[in-house]
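Here you get one chain, nothing else, as structure tokens; it is the form predicted on its own.
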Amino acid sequence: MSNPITRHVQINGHQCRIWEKGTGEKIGFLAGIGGLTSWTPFLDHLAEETQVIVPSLPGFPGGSNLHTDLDNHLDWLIATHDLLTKSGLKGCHLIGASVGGSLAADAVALWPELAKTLSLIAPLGLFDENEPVTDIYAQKPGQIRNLMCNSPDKYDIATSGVDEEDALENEVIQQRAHEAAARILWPLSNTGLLKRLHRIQNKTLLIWGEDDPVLPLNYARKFEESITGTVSRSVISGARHLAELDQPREVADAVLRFTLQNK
């Protein structure tokens, strides 16, 4: 698995990392809880048939400390809009996982022209008190990895740190990513997204890990009922919340079938 090209863009005076690999139809990816410190097998599978562009969200690995300047949800959405636009992804296919899926859906609800199609992997942003989202910030140390993947080592590999950094700095990188996600999702992962989902007219694919302990599958129904555009669903066996890490080939194949049918 070869490394992607790395470049950077400026968002509000802060530098955000962009990874890029492959050729063909452009497809963007906003990562989930923990962000990414390394290129993953899922992204490599996508890059076999498309040009994959991976912008780092503020506060996530590669995303600088811009998150400390984002005081409310609108600030986050504007930063997401600007990041996607400056990454060259405006009007392209867009994938978002978990917290990245929440921001992708919300940004497209406000600016439909941002995405040709939308693929959401267990997107956060909704809350049902009868079937609450698992509070990932109420977990004992080391437990988040068990919620994210059936194979927690896959989560560790994707998020555990940068080779050239020392152990302490890598711990800071991880904690900063969790802080950034908390700023977006606090409290209870409810961003008010449900009020805006009807604005999404883009064709949408929902992907859920069959064993997701964070976000019950019932939430997929809420997305399906609320999004105006055509919605399809793919449930991935052997996967938890970050299905793209647990089952990279299966999730990549589902996304590629969907996006390449809607070029």
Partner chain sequence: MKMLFFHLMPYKELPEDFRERNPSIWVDIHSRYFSADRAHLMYNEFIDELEYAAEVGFDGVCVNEHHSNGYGLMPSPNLIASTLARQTDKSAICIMGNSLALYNPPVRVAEEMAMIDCMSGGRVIAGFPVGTPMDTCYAYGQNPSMLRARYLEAHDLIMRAWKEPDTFSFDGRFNQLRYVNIWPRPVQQPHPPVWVPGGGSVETWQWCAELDYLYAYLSYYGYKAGEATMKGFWSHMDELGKDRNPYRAGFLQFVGVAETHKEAMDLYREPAEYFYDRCLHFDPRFANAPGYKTEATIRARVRSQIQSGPTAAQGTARDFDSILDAGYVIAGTPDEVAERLREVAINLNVGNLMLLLHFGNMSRELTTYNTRLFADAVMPQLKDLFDDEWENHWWPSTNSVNQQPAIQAAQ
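Note that the structure is predicted; figures quoted are calculated from it, not measured. Positions refer to the first chain, counted from 1.
The form predicted together with its partner chain exists for this protein as well; it is not shown, and the discussion that follows is about that form.
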Report the residue, out of Glu113, Asp71, Glu131, Asp153, that has at least one non-hydrogen atom within 4.5 angstroms of its partner chain in the predicted complex.
Asp71
Tell me the stretch among 203-211, 230-238, 31-39, 60-68 that has any heavy atom within 4.5 angstroms of its partner chain in the predicted complex.
60-68
Partner proximity in the predicted complex: His81 to its partner chain, non-hydrogen atom cutoff 4.5 Å:
no
With the partner left out of view, is Tyr137 within 4.5 angstroms of its partner chain in the predicted complex by any non-hydrogen atom?
yes
State yes or no: in the predicted complex, is some non-hydrogen atom of Ile157 no more than 4.5 angstroms from a non-hydrogen atom of its partner chain?
no
Its partner chain contact in the predicted complex: His178, any heavy atom under 4.5 Å:
yes
For a quick check, can you give me the residues of 181-214 that have a heavy atom within 4.5 Å of its partner chain in the predicted complex?
Ala182, Arg183, Trp186, Pro187
